[in-house]
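Next up: a single chain in C-alpha cells, the form predicted on its own.
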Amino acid sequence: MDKALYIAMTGAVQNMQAQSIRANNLANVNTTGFKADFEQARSMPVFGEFYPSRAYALTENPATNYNPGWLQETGNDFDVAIKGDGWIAVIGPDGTERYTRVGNLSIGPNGQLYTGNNLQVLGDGAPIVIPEFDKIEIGLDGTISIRPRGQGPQELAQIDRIRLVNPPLEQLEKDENGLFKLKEEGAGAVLPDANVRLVAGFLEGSNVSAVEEMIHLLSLARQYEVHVKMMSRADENAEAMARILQIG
C-alpha cells in the first residue's frame, strides 16, 4: 500500500476517534459534576522485522480535566457540591468503590441514599441508609442529621456521615461510566479526608466549555477532510502510474 495512502487512512480513522471524545464532552456540557476528557494525536512508527520506515497516527485520551465546574444554587436540602478538591465515595455499578462529584442526592424506597446517577452513597462504614424523618440536615463535613418522624424539634440525631475523600489526582482515572477509581487494582478503599467540605443547596455543573469543544470539533472536521483528500490524491496518483506502466 502506498505510504501516503496508509498515513492518510490511519489519520482519518484516528481523527474520527478524537471527534468522538470531543463530541462526548459537548454532549455532557449540562451534566452535573462531569469532567471533560482531553485528546491528543501523535505519530507512531510501525515496528517490525526491519527499520521502521512507516508511521501511523494514534489518538489518545491522556488525561481528564479535573478543574471544578461552576456552582449552581438550587436551595434543595438534598443537593450538595464539593467545595474545592475532593470526591464523594459511592458504590459503582460493578459493586466496587468509585468516586464522583455528582451531588444531587435522593432517598430510595428502603432509605438508601443515592446520587443523581443512581449510585449508593458510602458512609463511615457502609452504604448510607436513612430512617424515616421529618427533617434532614447535611453538614459541611458530610454529617447527616435527622429529626425522626414524630419527634419534637429538639430531637436531632446524627445517623451517618457521607464519606468524603481526596486521593491524589495522579492515582485516579475515569472508568467507562464516567466515574473515577484508583488506577492501582486492589489498592483498597481511600480513607476519609476531613479537609473536604460540602456546600449544601448547590450543585456542581460540568467543567466543559461548549465554545472550546466546538472549536476543537471544527478543527478536527477540517483535518478529517484533509485526510480524505490525501487518500483521493494517492488513489489518483496510483491510477496515473498504472496507465504510464501500461503505455510503456
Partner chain sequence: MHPSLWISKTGMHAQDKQLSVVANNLANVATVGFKRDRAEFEDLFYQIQRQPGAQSTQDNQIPSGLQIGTGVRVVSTQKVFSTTGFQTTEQPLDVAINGRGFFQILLPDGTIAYSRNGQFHLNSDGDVVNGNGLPLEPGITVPRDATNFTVGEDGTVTIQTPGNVQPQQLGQITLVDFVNPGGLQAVGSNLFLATGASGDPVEGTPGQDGLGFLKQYTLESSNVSVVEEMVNMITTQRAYEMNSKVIATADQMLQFVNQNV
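Numbering follows the first chain given and starts at 1. Please read all numbers here as calculations on a predicted model, not as lab measurements.
Below, we refer to the form predicted together with its partner chain, which is not included among the displayed structures.
Contact annotation: its partner chain lies within 4.5 Å of heavy atoms from the stretch 148 to 156 in the predicted complex, the single such stretch among 148 to 156, 163 to 171, 81 to 89, 120 to 128. Judged against its partner chain in the predicted complex with a 4.5 angstroms heavy atom cut-off, the residues P68, D193 and V199 are out of contact without exception. Not displayed here, its partner chain is kept clear of I215 by more than 4.5 Å at the level of heavy atoms in the predicted complex. Within this chain, S53 is remote from the site of its partner chain in the predicted complex, having no heavy atom within 4.5 Å. In the predicted complex, its partner chain sits within 4.5 Å of a heavy atom belonging to D175. Using a 4.5 Å cutoff between non-hydrogen atoms, A234 does not count as a contact of its partner chain in the predicted complex. Though its partner chain is absent from this view, in the predicted complex it lies within 4.5 Å of a heavy atom of just one residue from A41, A221, V46, A189, which is A221. Contacts to its partner chain in the predicted complex (heavy atom within 4.5 Å) from stretch 67 to 90: Q72, T74, N76, D79.
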